[in-house]
Ligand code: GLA
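Presented as structure tokens, the chain that follows is alone, the form predicted alone.
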Amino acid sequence: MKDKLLGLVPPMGWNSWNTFNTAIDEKVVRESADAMVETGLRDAGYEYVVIDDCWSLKKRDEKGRLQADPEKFPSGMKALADYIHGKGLKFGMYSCNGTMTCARYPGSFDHEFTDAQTFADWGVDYLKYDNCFKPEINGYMLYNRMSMALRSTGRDILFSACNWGRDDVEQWIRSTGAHIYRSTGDIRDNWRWIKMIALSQLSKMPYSGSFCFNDLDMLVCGMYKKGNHAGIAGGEEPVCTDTEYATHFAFWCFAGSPLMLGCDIRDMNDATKQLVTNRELIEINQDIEGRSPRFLGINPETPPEFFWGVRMLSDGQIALAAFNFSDKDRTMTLPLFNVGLPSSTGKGLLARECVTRTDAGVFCDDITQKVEAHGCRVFRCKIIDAK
């Protein structure tokens, strides 16, 4: 591969599914690429523009190749890729390891090498590879087969394996060459679902790291239950608050998950824009060493609804986070002894709070924070001599 560092850090971008579902077309994708640049998302690190399901015709051509729907994409995929590349962005597409995609379009089963070459010829830089209508055979073999097919094209294509956390995927997916892997079912735009996904992954963090990151699914920040996908909107659940979206984004950043936006980026409000371009949170997510976090203060006898996280960073600093997924305000204390800094070391932490982007002062012996229900605090800390 030309780019030896493909997958070194979690990918960042936008995916069409959460907002547009089946109502995807060339106009939406071009406008979203434009918005990626105009809103500052590209400058903040978001680079992939990804078309999800429902882009193709229902039948392959006479040579067995996938065909873009000419009504939805009249200029064709190569022209669309060129347009996106012209914006300084990268182009992503979708397929499935089954006989059909989840929306019943042609899947790539038994056509892996043909489809991989088609994607490469079109200029694709990212492939989301789903898990619907899969024959009852080993999932490893199917993801490994597509990985080999993509690599055989000679084009650098980031491989996103979307098997929903089935078959203990975290234990074997790295060996297939996938760069990221979905470890959950589809997210919904409500707090209950965000919480469920986050808490389900606490024990799986050690499997995630550079070149094969645990994907907690696309971000729903800024959706406010808008869009064409009724399932993602989450039924009668309340609309997320900006505090809940901030905790959602902060946890995904802290966990090293890919950051793939799902809202309509052509129509973000200021709160959403400020959140998803928060450089201090993004820098933790994109840390070059890609180390997974460890979570502390979790009582195994009760639901792990509030806890601290610790993550070592490449510049010698430490990221610490207090996450309160419970329904009431909490006063949360982390003894620095628990992160290797007892008072006997004579050291303390000079901290900056990353969500609000404010200096937090010096902590010695412990950090105590009042964290509102569904809220969080994320600190980037430098070890200093205590006074």
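Since the structure is predicted, the reported quantities are computational estimates derived from the model, not experimental observations. In case it trips you up, residue 1 is the first one in the sequence shown, and so on.
Same protein, other form: the form predicted together with this ligand, not shown, and the subject of what follows.
Judged against this ligand in the predicted bound form with a 4.5 angstroms heavy atom cut-off, the residues 191, 244 and 306 are out of contact without exception.
The candidate stretches are 234 to 242, 111 to 119, 124 to 132, 286 to 294, and the one lying within 4.5 Å of this ligand in the predicted bound form by heavy atoms is 124 to 132. Taking the partner from elsewhere, residue 248 is found to have every heavy atom lying beyond 4.5 Å of this ligand in the predicted bound form. Residue contact check for residue 259: none of its heavy atoms lie within 4.5 Å of this ligand in the predicted bound form. With a 4.5 Å cutoff on heavy atoms, residue 218 counts as touching this ligand in the predicted bound form.
In the predicted bound form, this ligand stays beyond 4.5 Å of every heavy atom belonging to residue 275. For the options 83, 73, 164, 224, the one in contact with this ligand in the predicted bound form, meaning a heavy atom within 4.5 Å, is 164. 53 is the sole member of 47, 26, 53, 69 with a non-hydrogen atom within 4.5 Å of this ligand in the predicted bound form. The partner is not shown here, but in the predicted bound form the stretch 88 to 110 reaches within 4.5 angstroms of this ligand through a heavy atom at 94, 102, 103.
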